[in-house]
Ligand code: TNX
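So this first bit is one chain, no partners, the form predicted on its own, shown in structure tokens.
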């Protein structure tokens, strides 16, 4: 089978030089970093059946892995397949790993058997933060499912996994100092399932798995809203549900039951819950929780929510978030919050904002986002009408929601992160994140149908040069089509969108 003219590389590298011919991989001896080499060996066996082996440095090898800071900036790599061997050089360990992910995309079944084209690639990411989010609160996903999601993400060079660990429907992480959170508040979800939670050891297992693949886990404890589940465990910490005429109508439209204080909430409506902002015990609780989460999480970020506090007066919200953002910062982590928290004048300096409004900001969303930058922070861009993976890709799609709009593949691809909030310097954008909320998703296979191929569009937005020659819709749709065989071989239940001429 001949390789198509457009190499099936997503995200597209910064620079690609191609020559005629291929390098066959009838058997692949790999030398270099043992950890990366082992991951590559396992991936080669799974994809091709080629019985690769890791050999010592100085041994003849078909694939040679090395680290050399001269290869470029952080996470950069060079893949040289113009000689007799394939040489991948990373500027650091992460860059080396990403070079191997590019190699896996280049693999194809040729007349000479499994082979890679003769190419030289020099590559580096555009944004430092390239994230996906998995909501394990609305529907709980266990350790193996989270690992599978990490595997899908890293193959597209994402480097952050945001875990939405708490919400109205359930609490998903063991907290030693407040044990009833998991004993009482973890046993349900939006979809009528049994819920669940991660013990600290299970969470550490996820962290280790992510770290081996150069993924930083960003844990989120959503505050002060999205906290109905806290009230199942500790009723004195949470207000009675806020129910206006509008929220009651929203619950009815969604077919959701009305929330009852101290009982499981199995609906999908938002904005009805809040911790008790004027009670000192609330801050004892938050201090303990954030301290414990920070102690076991090696990454630099601690997400503290801040969204959809519909029944919370602005003055109370400001009082709360000024204090809690500082509690988060006092753990030694950089706080991250949804963009509404940017309305708080005294939010902790350096707090990162996550923008989830429309790609064309409405109301005060742009000003709220700007305030994070003014306070020494930066922005993660997740516009809901482009980056939310739970939005339906077509009107009749069986899963997903539509409140932010229908998001076909082309809409997911054609947006520019630095153009959403007017007037900001490009370096105010830390990166891009594609969230998957799970009100309608109960399995990784179901998630795949919503996520793929749109996740590939966000990977390219986050990694590839803005003005690259191949950074076009026509180029992307041709290249992503070429990934279909690899996705099938990996068991990914991707949706064959009619926008793509699939291989």
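Keep in mind that this is a model prediction, so the values were computed, not measured. Positions refer to the first chain, counted from 1.
Below, we turn to the form predicted together with the named molecule, even though it does not appear here.
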**Q.** Triplet 226, 356 and 390 all within 4.5 Å of the named molecule in the predicted complex via a heavy atom
**A.** yes
(Q) Is residue 68 part of the interface with the named molecule in the predicted complex - any heavy atom within 4.5 Å? (A) no
Q.
in the predicted complex, does residue 197 come within 4.5 Å of the named molecule, counting heavy atoms only?
A. no
(Q) With the partner left out here, check for me: in the predicted complex, does some heavy atom of residue 308 sit within 4.5 Å of the named molecule? (A) yes
Q) Applying a 4.5 Å heavy atom distance criterion, does residue 371 contact the named molecule in the predicted complex? A) no
Q: Go through 108, 160, 365, 138 and name the one with a heavy atom inside 4.5 Å of the named molecule in the predicted complex.
A: 138
Q: Find the only residue in 270, 148, 399, 82 having a heavy atom within 4.5 Å of the named molecule in the predicted complex.
A: 270
**Q.** Stretch in contact in the predicted complex with the named molecule, which is absent here, among 460-468, 48-56, 434-442, 32-40 (heavy atoms within 4.5 Å)
**A.** 434-442
Q) Since the partner is left out here, which residues of 325-349 would have a heavy atom within 4.5 Å of the named molecule in the predicted complex? A) 338
